[in-house]
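For this one, two forms of the same chain are given in C-alpha cells, first as structure 1 and then as structure 2.
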Structure 1
Amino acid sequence: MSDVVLVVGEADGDGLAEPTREAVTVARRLAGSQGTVLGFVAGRGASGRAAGFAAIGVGQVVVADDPRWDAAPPAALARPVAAAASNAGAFAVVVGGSSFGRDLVGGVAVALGASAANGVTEAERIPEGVRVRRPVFGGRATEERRLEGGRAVLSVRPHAFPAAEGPPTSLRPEPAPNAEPAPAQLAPARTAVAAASRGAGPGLADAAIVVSGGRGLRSPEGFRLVEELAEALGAAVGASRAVTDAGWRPTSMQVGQTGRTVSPQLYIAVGISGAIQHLVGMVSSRVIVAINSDPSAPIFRVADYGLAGDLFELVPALTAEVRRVRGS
C-alpha cells in the first residue's frame, strides 16, 4: 500500500501560509515514519515557495511555476494536483483549512474519484483508507467518517493541529505533470486581489485572540467599544452578520456560516446572541467568553466564562483593566 501523502501549498507572500504548515503536520501523521510527504506549489515564484516546504523538512516538491495559476480560481488547480497525486501514487491529499483549501477539496476529489472531508480535527490511517473526525452542528456533535476507496482528500480545521516545524532538508523540486492551464479553467480570471482592510491588528484567520461584536452594540459608533478592547488585547476584530448586514463594519469581519471560521485561543463575544449560524464559525475556539445582558442567550451555552450584564458598562471597564495590567 502507498505511503505517500501530498500537501498542496498555499502562498503567503513569498512563503507558505500557516494553514499549509498545519496540513503538513496531518500529512506526516498519516504517512507515518516510513512514509513520504510530498509538497505541491503553483503560481508565480512557486519554485521559491517550494523552499518553504524544504524549510520545514519536506524536500520533495512538485512545482507548477506558471504565473497564470495566480489568476485562476483555486478549484482550477484540481487537475494538476490530482495528476501529481496520481503520479506519486499518493493515498491522501491534504490541504490547509483556508478558503483556498476548502475551494480545492471538492475538485481534487472529483478528479481523483476519491472521498473527501472538510474541516477535520483528527485524521488516522486505517486499512480501508483514512478515518477522520470533525465537528458538526455548530460543534454540538462530532462526526466520524471513513474515507474509503483508495484515495482521500481532506482539509484541516484551522488551528486544530500545530504548524509543522523543521528540521530543514534539501529541496528536490520536480515539474508538475499535466500543469498547462486550459483557457476554460482560467475563467473567470482574477484580475486583482485587494487585501481586506484590517487596521493595525492581526488578521482574523491567524489571531490568537478575537473580539467580536454583535447587534447589542447598537450602532457603528457603539462598535468602537469592541475595537478598543481588541486593540488593548492585541486581538483581531470580528462581527456577527447583524453588524455586517447593517453596514456597520465590512463583511470581511463576519464570523460564522457565511463568514469566516476562526479557532483562536480566546474568543470574546460582545452583544452577540449566539445564533447557530454564528456558533459554527467560532465554537472550536479554545476559550470562549460571552458578554450579554440576557442570561438566557444561547451564546452562554458554549461559553467557558460569561458576563451577564450591560456591555456598555462591562466592556469599557474590561478595556481599562487590560490597559492597566499591560501598562498600555
Structure 2
Amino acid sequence: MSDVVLVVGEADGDGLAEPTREAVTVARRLAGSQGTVLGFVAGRGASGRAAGFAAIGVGQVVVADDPRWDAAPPAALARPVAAAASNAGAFAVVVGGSSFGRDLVGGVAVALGASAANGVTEAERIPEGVRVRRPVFGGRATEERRLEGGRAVLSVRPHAFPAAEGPPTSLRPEPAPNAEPAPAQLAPARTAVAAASRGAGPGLADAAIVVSGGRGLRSPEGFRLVEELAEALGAAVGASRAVTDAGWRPTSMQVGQTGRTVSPQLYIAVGISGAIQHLVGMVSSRVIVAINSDPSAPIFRVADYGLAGDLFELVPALTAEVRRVRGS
C-alpha cells in the first residue's frame, strides 16, 4: 500500500501560504514515519516557491512553472494535481482550508475517482482509507466519515492544525505531468485584482485572534472600541451583519453565514447578540469570549468565557490591561 501524500501549495507572494503549512502537518500524520510527503506548486515563480516546501522539510516537489496558471481558476489545477498524485501513487491529496483549497478539492476528487471532504479537523489513516472528523450544521455537531475507495482528497479547517516547521531539507523538484493549461480553462481570464477593505491588523482568514463588533456598539464611533482592542491584541477586526448593513464598516469584515467563516484560536464578540447566522461563521473558534450588556444574549450559550455588563466600560478596561501586560 502506498505511503505517499501529496500537498498542493498555495502561493503567498513569493512563498507558501499559511494554510499550506497546516496541510503539510496533516499530510505527515497520514503518511506516517515511513511515508513520503510530496509537494505540488504551480504558477509564475513556482520553482522558487518550491523552496518554501524544502524549508519545512518537504524536499520532493512537483512544479508547474507556468504563469498562465496564475490567471486560471483554482479548479483548473485539478487535472495536473490528479496526474501528479497518480504518477506518485499517492493515496491522499491534502490542501489548505482557504477558498483556493476548497475550490480545488471537488475537481481533484472527480479526476482521481476519489472520495473527498472539506473542513477537516482530524484525519487518521485506517485500513479502509482515511477517517476524518469535521464540524457540520454550522458547528453545532461533529461528524465522522470514512473516505474509502483507495484515494482521498481533503481540505483542512483553518487553524485546526499547527503549521509545519523544518528541519530544512534539500530540494528535488520534478516537472509536473499534464501541466499544459487547456484553452477552456483559461477562458474566464482574470483582468484585475483589487484588495478588499479591512482593518489595519491581519486578515480575517489568517488571524489567530479576531475581535468582532455588533449592533450593541450603537454607532460607528462606538465601533472604535473593537478596533482599539484588536490593535492591542494584534488581532483582525470583524463585524456582524447588522454593522455592515448599517454601513458602519465594509462588508469584507462581515463574519457569519453571508460573510466570512473564521476559526481563530481566540474570538472575542463585542456587542453581538448571537443570532444563528453569525454563529455559523465563528462557532468553530478554539476559544470564544463574549462581552455584552444583555446577560440573556444567545452568544453566551456558545461562549467559553462571558462578560455581562456595560461594554463601554468593560472593553476600554480590557484594552488598557492588554496594553499594560504587553508593555504597549
Ligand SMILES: Cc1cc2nc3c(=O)[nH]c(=O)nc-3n(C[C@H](O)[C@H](O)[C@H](O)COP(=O)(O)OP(=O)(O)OC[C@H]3O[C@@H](n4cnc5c(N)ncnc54)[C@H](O)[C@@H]3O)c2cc1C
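Under this definition, the rigid core comprises the largest set of C-alpha atoms superposing within 1.5 Å between the forms. Counting starts at 1 and follows the sequence of structure 1. Note that this is a predicted model, so its numbers are computed, not measured.
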{"property": "Index of the chain form predicted together with the named molecule, chosen from the pair", "result": "1"}
{"property": "C-alpha of residue 295 moved at least 2 Å between structure 1 and structure 2 on rigid core", "result": "yes"}
{"property": "Residue 247 C-alpha moves between structure 1 and structure 2 by 2 Å or more, core aligned", "result": "yes"}
{"property": "C-alpha of residue 313 moved at least 2 Å between structure 1 and structure 2 on rigid core", "result": "yes"}
{"property": "After superposing on the core, C-alpha shift for residue 322 between structure 1 and structure 2 in angstrom", "result": "4.8"}
